[in-house]
Each structure stands twice: as C-alpha cells, then as structure tokens.
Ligand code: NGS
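First comes one chain, alone, set out as structure tokens in the form predicted alone.
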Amino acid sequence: MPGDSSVNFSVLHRICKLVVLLCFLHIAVTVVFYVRSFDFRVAFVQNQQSNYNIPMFRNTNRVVSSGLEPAKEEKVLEQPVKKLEKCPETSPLLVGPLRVEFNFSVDLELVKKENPNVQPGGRFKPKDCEALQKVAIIIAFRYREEHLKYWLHYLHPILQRQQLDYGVYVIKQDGNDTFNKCRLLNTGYAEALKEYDYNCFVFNDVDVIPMDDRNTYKCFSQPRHLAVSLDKFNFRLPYVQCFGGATSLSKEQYLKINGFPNNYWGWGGEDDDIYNRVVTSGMSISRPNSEIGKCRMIRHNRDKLNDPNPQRFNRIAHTRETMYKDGINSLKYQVLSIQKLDLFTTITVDVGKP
C-alpha cells in the first residue's frame, strides 16, 4: 500500500539520522580524550627532562631546585671530624733513664726505618693527641757529621715519646772562616719561623745527648737549662751561671733578650753572655734536677777555626750595654741552600767574617 511504504521510509530515515548523530558524537568524544591524553604525555616528558637536567652536588650545602617545587637544601652525609684532645702535660710514653753509648757506628738509613713517623725535614707531630708546644730544635753545625748521626739516633725516639710537635734544623756555616755559633742559632730561629709557627726553641750542641727522656725538650715559664749534669763535669753543674749545651726559650723569652749575640767569633763566652741577657731582662734560669738533667758529651778535639775567642771576657762584661743593639734585630746572613732530608732540615748559610 502506498501509505505504508511512505511511513516505513520516514522511520528508516529517522533511524539513519540517529545513527549518524551517534557516530558523530562518538568521534567527538574520542577526539577530546585523545587530545587530553596527548597533553598529559607531553607534560610528563617535559617534567622528566627537567629533572634529568638538575645538576647533582655532593658534599655541599648548595640549594638545588627543579623549578616545579620549592627549593630544598640537600642533606650532606659526612663523617664528623674528631678533634684531637690535648696531649697530657707529662707524656705516658716516657721510660726514664737511658743508656747512651758512642762505641758503635750509626746508619742513618736504619735510623729512618726505626722512626717511620718522622717526616722529611725531621718533622713530627703526635697522631693521638694535639701537642702542647710546637718546638724547633736548632743545631749550629760544621765538621760534625759523626756526632750528628749519634744525635739523630738518640733524640728522635726521645722527642717522639715526649709527644712534641717538633722539627730539627741543622744550620751549617759555609766556608772556612772562624766559627760563629750564636749567629748560626739566630739564623735557625729566623728560618724555622718561615716554615712553621713554632712557639718554643731548643738550642742543642750537636755533641750533647740527654740520658733521661723525662728531661722534656719544651719551654717553661722561665728560660730552661736542659744540660744540667754533664758527664764531662762529673754530672755536676760547673758554675751557677752556666747556660749551655742544651737550652730552651719560648718565642717571647727569646725576643725579650733580643736573641743571641752575633759578635762572638770562635770558642767561648757566648753562653755566659746569654745568661747575662736572661738576668738583665728580669728572668731567671729554670733547671730539671741533677738526675733527670744528666747528659753525655761526645769527646772530641776542638774544631779547626774555632780557637778560643780572645775578646770573650771583655764582651761578657758589657752585655748590658750591647744586648739591645746586637742580636736578632741586627742579624745578617745569606742562605745558600735548604735541604729537606729524611731526619732533619739542613740550611747552609754564609754568616760573614769577623
């Protein structure tokens, strides 16, 4: 029937329009979700790239930020440095009286092996505690190689047991002019301070060896005479004004006496002049007791070009007048070489002529 066919066509047309509309709606929804997911992926990739470009710092307190969140301080994981305690006033490593002999040959290679903690230049400091003093040990030197070997053999173990932060300086006079011990000692003081902030200075004759490690090579409230009882004098102090062999002065004490006299050429007199300087400056001499202060001296003939100084008695008599003009403030010398050897620093100098 004609009426029925027109109705069926109208229904079919509406159904087609509905299907097309649903398809369009499906496509639209799919496109929307696709675009949103694409934006999310782009943002994710950018975020990852930004994070990979952040520099990483280790062992620092610098602040690092990605730009996406507030900057945070990076935590540093470090082992705290443990500060050493001060060494005790009296070292627990001391052994007391020592046997000192000179009837054998000293091999410096063996001495070095026996003292592995001594650093080049003759430097040492304790590892388990902080030394109470920084000590420069100064030796005026010429023509005494064998004596120096004995000194190094005996003194390095003693000084380490005393828990000192120390350095050994051998000041060698160049040339063949008359020997000047005090000018060399003043030079050692000046050169040692260029290397380290020493606050104590021990001036030791190369042939004097302590026989008891309780005789500590450090500085005291007053200038210290360490070589109190020499075997040369039957282990007795030869006279009250004696102030030689081995002595110690703090930096302040040394400057207070203006160092040592530079005008003593040859043997004798300089130790008494230094004693006069100490007394004139209002200080006194401190000493260990006669047992702890025992020392041995290596017997030897007097060196060439070190004859007795004929002017020594006149100079000693005028210490009060000359001490502030002649000393560390008037010192003149020229360094020719400095060598950092295994067990000591040797400084060769030209100290001029009489």
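Numbers for residues come from their place in the sequence shown, where the first is 1. The structure displayed is predicted, hence computed values, not measured ones.
If you look for the form predicted in complex with the ligand, you will not find it shown, but the lines that follow are about it.
Only one listed stretch (279 to 287, 210 to 218, 122 to 130, 261 to 269) carries heavy atoms within 4.5 Å of the ligand in the predicted complex, and that stretch is 261 to 269. Among heavy atoms of Lys232, some come within 4.5 Å of the ligand in the predicted complex. Contact annotation: Tyr239 falls within 4.5 Å of the ligand in the predicted complex, judged by heavy atom distances. Contact annotation for Arg315: none of its heavy atoms lies within 4.5 Å of the ligand in the predicted complex.
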